[in-house]
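The form predicted on its own is given below as one chain in structure tokens.
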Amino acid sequence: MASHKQLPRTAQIRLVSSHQEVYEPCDDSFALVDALLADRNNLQEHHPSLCMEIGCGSGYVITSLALILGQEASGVNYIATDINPHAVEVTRETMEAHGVGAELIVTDIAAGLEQRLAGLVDVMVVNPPYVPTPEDEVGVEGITSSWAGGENGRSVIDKILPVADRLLSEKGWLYLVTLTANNPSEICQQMRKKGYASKIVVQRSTEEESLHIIKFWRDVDTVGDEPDQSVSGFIGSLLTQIRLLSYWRGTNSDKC
């Protein structure tokens, strides 16, 4: 059995800062970090120069990514954004507590950064607001913005995807958290039309939801092809097996 020192490091919950208006690490955060751990060797061999998180929340994911890449990835730059200023400050505290850092910016997705970062991001991680909610809850101030995803939970996701396409480098990878209600198969088909292949890195079901962490990467051979059966077939089967409680979070004050 591997010793503790041999295991990849991720952010420690006890060192993750908090604020009442900032989403704390939960099942979706852990699933995303587990996907990064599962892809750790590929990430290290990828030699990214710029890693970005859109919607950094508590900083758990971007901190974990920096720790997973480790000292072997010297010269990597990190940038994280959030529409919630409290989240940006909490992320700063979380990263400092772990001895890592990033450029942190209060903005909606990547507003004001697209020209500067176009085609430069080698790894992007996104745990978006994906919960189906009324549209008027999308983008409101405070913690609600961390989960309110509008109709089918897709309002924010559909805004993020074209931004990701513009920011990702030729070798760029996107890791995206989705919920079954978001229709992940359709998301993959949309990205395929833009020239991205995809695969599910982690799938996790709880009593309340079924999460899929999907990895996208540029692959010109996928343009115009039939949908990737590893994604569409899996999701189609999943949709027939899982009774999703789409609005289970609507009355909660948190995603957990």
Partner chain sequence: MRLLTHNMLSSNIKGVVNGFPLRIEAEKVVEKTVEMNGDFLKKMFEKVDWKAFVDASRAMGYNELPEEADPSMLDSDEFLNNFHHALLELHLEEGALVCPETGRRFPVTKGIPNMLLHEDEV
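Positions refer to the first chain, counted from 1. Since this is a predicted model, take the numbers as computed values, not measurements.
Separately, the form predicted together with its partner chain exists; it is not shown, and the next lines address it.
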| item | value |
| --- | --- |
| Interface membership of residue 163, its partner chain in the model of the complex, 4.5 Å heavy atom rule | no |
| Its partner chain contact at residue 49 in the model of the complex, heavy atom, 4.5 Å | yes |
| Residue contact check: residue 92 to its partner chain in the model of the complex, 4.5 Å heavy atom | yes |
| Partner proximity in the model of the complex: residue 99 to its partner chain, non-hydrogen atom cutoff 4.5 Å | no |
| Residue among 138, 143, 181, 83 with a heavy atom within 4.5 Å of its partner chain in the model of the complex | 83 |
| Whether 104, 111 and 122 all lie within 4.5 angstroms of its partner chain in the model of the complex by heavy atom | yes |
| Stretch from 128-136, 74-82, 173-181, 148-156 whose residues place a heavy atom within 4.5 Å of its partner chain in the model of the complex | 74-82 |
| Members of 115-149 lying within 4.5 angstroms of its partner chain, judged by heavy atom, in the model of the complex | 115, 116, 117, 120, 122 |
